[in-house]
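Only one chain is included here, represented as C-alpha cells and corresponding to the form predicted alone.
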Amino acid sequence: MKFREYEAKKIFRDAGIPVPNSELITRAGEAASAQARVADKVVLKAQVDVGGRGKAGGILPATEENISDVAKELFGKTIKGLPVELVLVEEALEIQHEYYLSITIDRSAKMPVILFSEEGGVEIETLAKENPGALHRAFIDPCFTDVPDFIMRNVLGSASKSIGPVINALYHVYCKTDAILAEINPLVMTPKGVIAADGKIVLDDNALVRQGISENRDLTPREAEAEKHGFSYVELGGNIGVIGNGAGLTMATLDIIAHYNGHAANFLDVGGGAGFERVARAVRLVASMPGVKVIVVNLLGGITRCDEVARGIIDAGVPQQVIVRLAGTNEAEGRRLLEEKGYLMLDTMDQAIRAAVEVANK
C-alpha cells in the first residue's frame, strides 16, 4: 500500500529527515490561511497516488496574490484519472542541486539495496536506462541496524557527506514501516541544508496488520471484495474472465489465452474445496468487471466437487457466456447440471480456452 506524500513526509519528519514546512488542505478556501502559516512563496501539490504529477499539472507555484485562484484550479483537476481531493501547501525551496535516493528490496539478492544518484528529479527508470553509471547501488545486510560507514562512502561517492544522516534515517524508516520502497526524489540541497522535497513509501501488504492498518486503500472495490472472501485475485485489463482452482492451473489458463492471442481480464483462484456459494461469488465478481465478454471456468475436482462448482455457476446467473471445463470428483453430475441449463462444457482446457477466445474476438 502506498502512503501519500504528506503521510510519507510526516514519517520522515519523525525520523529526523528534514522536510519543507507544509500544511494539508481539503478545499480551496483553506489555501490562503495555510499559506500565511507556511511561507511567503509556496507550491500547491495534489495528493494523488500517481507519479509524474508535475508533468500532469499537479504541482503549481503560488504566492499570496494568486493562491486562492491556483487552489481552485488544482482542486478542479483530475490527475491521470484521479480527482484532486487533498492538496499540500508547501514552502517553495531554493534548490541548489537535486539528488535521487531510495531504499528497496532486491529480490534476486534477497537484501535491501540503496539507490543513490546525483541526478535527481527524474524518473529512476529513465536514469537507469540512459545513464546507468550515474546510479550508485549498495546492498545492506538486513542484520544491520544502521548503514555502515564503508557502505555510506560507496553510495555517496563525491556527493556531500551531509546526505549520510538522511540515508541512515531513511534506512530506519524502511525497516520500521515494513516498506518495500522508501524514496526521496528529489532530495535537494538548499542554503538551509539537505531537504526531502518529495517522499514516497510503499508498504508490504502482508505487514499492514502489524503496522496497525486495517484496510488497504489501494485496492479497487473488486479487489477489496476478493480479499474479503479470500480469493487470490488480480485485475489484468482484458476481456476474458478467468476462474480456476490452484495458482498453477489458473496461471496455465492465462498462458493458453495469451497463446491463442486472447486477453485475460483477471486472475482468480477460488482455492481448494470451494462450495457453490464461493463459486457463485467468484463468477459474479469476474462478471462485474467492465469489458468482460466471456468467462472461462477451468477447475479440477479433488477436494473441490464438480457438482458444487456447477451449482455455483448456475446460481451466479451472469449475463456473459460461461464456458466450463470440469474434471474430477462428481464430474458426471456437474456436467449434467450444466448441460441441462445450456452451458457449454468442453473436455479439455485447451478446447475451453480456444472457445472463449473465439467468443471474445467476435
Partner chain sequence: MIYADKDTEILVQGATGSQGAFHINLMNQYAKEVGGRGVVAGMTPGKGGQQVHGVPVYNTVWDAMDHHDIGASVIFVPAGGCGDAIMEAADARIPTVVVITEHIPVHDVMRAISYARTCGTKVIGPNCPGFLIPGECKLGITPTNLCRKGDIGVVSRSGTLTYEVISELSLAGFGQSGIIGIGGDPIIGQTFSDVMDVFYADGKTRATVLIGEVGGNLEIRGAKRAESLGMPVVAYIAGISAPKEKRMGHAGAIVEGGESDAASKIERLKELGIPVATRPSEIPLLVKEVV
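Positions refer to the first chain, counted from 1. Predicted model only: the values in this text are computed from it and were never measured.
Beyond what is shown, the protein has a form predicted in complex with the partner chain; the following relates to that form.
- For the chain shown alone, E130 is not a contact residue for the partner chain in the model of the complex, no non-hydrogen atom being within 4.5 angstroms.
- The partner chain is not shown here, but in the model of the complex it comes within 4.5 Å of a heavy atom of K110.
- Although the partner is absent here, R325 lies within 4.5 Å of the partner chain in the model of the complex, judged by heavy atoms.
- Residue contact check for E277: none of its heavy atoms lie within 4.5 Å of the partner chain in the model of the complex.
- None of 91-99, 244-252, 160-168, 183-191 except one has non-hydrogen atoms within 4.5 angstroms of the partner chain in the model of the complex; the exception is 244-252.
- Relative to the partner chain in the model of the complex, residues P142, A179 and F267 are all within 4.5 Å by at least one heavy atom.
- Note on the partner interface in the model of the complex: the residue among L82, L135, A224, A207 having a heavy atom within 4.5 angstroms of the partner chain is A207.
- Exactly one listed residue, out of V122, A287, C175, L86, brings a non-hydrogen atom to within 4.5 Å of the partner chain in the model of the complex: C175.
- Scanning 254-290 for heavy atoms within 4.5 Å of the partner chain in the model of the complex gives L254, D255, I256, A258, H259, Y260, F267 in sequence order.
- Relative to the shown form, the Cα atoms of D106 and L236 move apart by 3 Å or more in the model of the complex.
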